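Next up: a single chain in structure tokens, the form predicted on its own.
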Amino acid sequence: MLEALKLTKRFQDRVALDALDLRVEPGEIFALLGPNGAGKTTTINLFLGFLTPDSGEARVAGTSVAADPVAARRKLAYIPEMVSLYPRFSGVENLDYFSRLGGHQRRRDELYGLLEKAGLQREAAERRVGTYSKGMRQKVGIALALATGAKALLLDEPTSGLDPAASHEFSRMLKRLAGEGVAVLMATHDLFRAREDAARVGILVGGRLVAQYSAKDVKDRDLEEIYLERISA
């Protein structure tokens, strides 16, 4: 569903991403770990078509992002560290607006149903987004992924700043989406959530994917120890 083929990006004389080869299958959660500046956000921006690769290719469900970024983006949903919504609109109004932008017009009762499925109850959905916590904003983002029928979900530090209960609830929603066949690529520093949620974990250092592990590989090992060994090497 998501595929990087020798994906490379440079900023002047610095290599931000170095010949990345990566696949995320339908229904799979892939956690991309790495220190600041490792290339995680660059990877996501290349899949979104916000950046143009110097070489290699990013594909979404077989569509080349560079060749047809609009078509590729229609198959994606993106949840950044802080979901940007219109603060004077309610949650349901934001969902309605962004769904229409994506070419998906839904009845109001359907919108409420999607928000409830994402964990946002009707009373909260009718409040202005300016009153929302980060976790509530993310629920609107998840509802938007459901509303647009996204085949892949890109996440950039989704659990940063969430309390343990909100982080746990968010991981449950991710697993539910994966269970419905959505491919999830999650760039994160959260080693605990990576170990608990991901089917596979990759470690990115200096723009290079230096290691990949399956959930089985890290089940009985200390992921923090593995991570620190890899980035120090």
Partner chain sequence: MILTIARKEFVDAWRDGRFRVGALLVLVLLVVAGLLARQQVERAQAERASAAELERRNWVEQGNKNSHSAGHYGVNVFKESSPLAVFDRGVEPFVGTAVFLEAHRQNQVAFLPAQDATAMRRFGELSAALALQVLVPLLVILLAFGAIAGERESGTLRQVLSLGVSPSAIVLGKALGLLASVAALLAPAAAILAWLLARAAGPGASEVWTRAGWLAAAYGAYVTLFAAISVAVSASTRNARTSLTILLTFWAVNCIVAPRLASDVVHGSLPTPKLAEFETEMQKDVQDGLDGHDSRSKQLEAFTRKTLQEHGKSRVEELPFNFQGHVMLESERLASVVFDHHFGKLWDRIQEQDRAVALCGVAAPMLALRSASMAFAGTDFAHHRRFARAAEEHRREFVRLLNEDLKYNARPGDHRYTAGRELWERLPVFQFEPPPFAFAWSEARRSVLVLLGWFAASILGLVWSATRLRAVVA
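Positions refer to the first chain, counted from 1. Everything numeric in this text was worked out from a predicted model, so none of it was measured.
What follows is about the form predicted in complex with its partner chain, which we do not show.
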Proximity to its partner chain in the model of the complex (heavy atom, within 4.5 Å), stretch among 185-193, 28-36, 202-210, 48-56: 48-56
Interface membership of residue 88, its partner chain in the model of the complex, 4.5 Å heavy atom rule: yes
Close approach of residue 161 to its partner chain in the model of the complex, 4.5 Å, heavy atom: no
Residue 131: touches its partner chain in the model of the complex, heavy atom cutoff 4.5 angstroms: no
Non-hydrogen atom contact residue 83 with its partner chain in the model of the complex at 4.5 angstroms: yes
Contact set, 118-153 vs its partner chain in the model of the complex - heavy atom within 4.5 angstroms: 128, 144, 148
